[in-house]
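This document contains two forms of one protein chain, each encoded as structure tokens and listed individually as structure 1 and structure 2.
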Structure 1
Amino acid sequence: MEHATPPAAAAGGITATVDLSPAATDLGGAHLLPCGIRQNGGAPVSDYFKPRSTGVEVEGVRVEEAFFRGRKLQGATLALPDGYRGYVLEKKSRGKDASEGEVSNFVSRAEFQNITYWNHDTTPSAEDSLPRCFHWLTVANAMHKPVTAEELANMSAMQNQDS
């Protein structure tokens, strides 16, 4: 089980546990729609939501087309960067822990490797927010290089010399 604890937990805020071990279903891809759907149960989505390629490419982005409740959507599929996976999580329970405050538990129901995002009135482009947010993953990777034991020892020795 992998646990994820947001920084707020340190101050007695919300703590979350995420169990990624049962992610047996590989969806291949997921869709991000520009709307809210108030449905918690199953639905025959593939019977009604039928995305198709338009054959158009804008700024290196292949445009897809679909209709949802009579509204035309234009979208693009993005592969998640190497080393990353997407998960569909289900909230299992919520409670209170005396020492940690609020506790939420999530379990993985499926995973995916690409995501198709959809726009209502605009053609997808490299300037949309989802493709742009992937650039931050490169920055995060550069900022969080693994530290070797030797580097830790050197830093500790330098701190001892300054004291």
Structure 2
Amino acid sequence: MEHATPPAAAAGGITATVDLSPAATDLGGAHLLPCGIRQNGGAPVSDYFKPRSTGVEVEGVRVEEAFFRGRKLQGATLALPDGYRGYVLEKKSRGKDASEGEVSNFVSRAEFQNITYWNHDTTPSAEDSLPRCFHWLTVANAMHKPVTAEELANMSAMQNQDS
């Protein structure tokens, strides 16, 4: 069992465990709709939600079309970057841990490699917030990547040149 529990329990941050080990159904893709659906649980998505390619391409993004509850949605499919996977989590039980307070346990039920996000009435574009969220991954990678000795040496060489 893998625990995605950060060590920051003392700082009041820890509230959940996530178990990604069960062999999950591979959904391939998941949909993100521009509305709140006040239900948790399964739904016969593939019977009712029928995305169709429009043949239109905006900024290299292939625009899809679908209808939900009478609204016309326009969407685009984004592949999750290499090294990332999407999970659908289900809350298992709410355990009480004496030292940590309330703990929520999640188990993965399904995984996906791409995500189709849908706009109501507006054509998808690179300016939408979901594609822009992926910028964070690039920034985070750059920030957390270990610095090699060579890079350090180059850096100090450059600094010396500047001064």
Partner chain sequence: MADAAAATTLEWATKEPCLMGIDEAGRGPVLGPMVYGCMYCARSYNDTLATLKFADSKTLKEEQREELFESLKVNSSIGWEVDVICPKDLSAKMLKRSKVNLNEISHNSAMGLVRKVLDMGVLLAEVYIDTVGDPEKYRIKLTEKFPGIKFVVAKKADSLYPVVSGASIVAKVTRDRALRNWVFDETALNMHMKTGSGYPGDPDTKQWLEDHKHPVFGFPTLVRFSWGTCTPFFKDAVEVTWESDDVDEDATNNGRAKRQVKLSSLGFTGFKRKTEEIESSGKGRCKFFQARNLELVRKFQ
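Between two forms, the rigid core is the largest collection of C-alphas that superpose within 1.5 Å. Model, not experiment: these values are computed from the prediction. For numbering, take structure 1's sequence and count from 1.
Peer 1: Given structures 1 and 2, which represents the form predicted in complex with its partner chain?
Peer 2: Looking at both copies of the chain, structure 2 is the one that matches the description.
Peer 1: Superposing on the rigid core, does the Cα of residue 129 end up 2 Å or more away between structure 1 and structure 2?
Peer 2: No, its C-alpha moves less than 2 Å.
Peer 1: After superposition on the rigid core, does the Cα atom of residue 55 shift by at least 2 Å between structure 1 and structure 2?
Peer 2: No; that C-alpha moves by less than 2 Å between structure 1 and structure 2.
Peer 1: Core aligned, does the CA of residue 139 move at least 2 Å between structure 1 and structure 2?
Peer 2: Shift of 2 Å or more: no.
Peer 1: By how many angstrom does residue 42 shift at its CA between structure 1 and structure 2 when the core is held fixed?
Peer 2: On core superposition, this C-alpha lies 3.2 Å from its counterpart.
Peer 1: Please state the CA displacement of residue 156 between structure 1 and structure 2 in angstrom, with both forms fitted on the core.
Peer 2: It moves 19.2 Å at the C-alpha.
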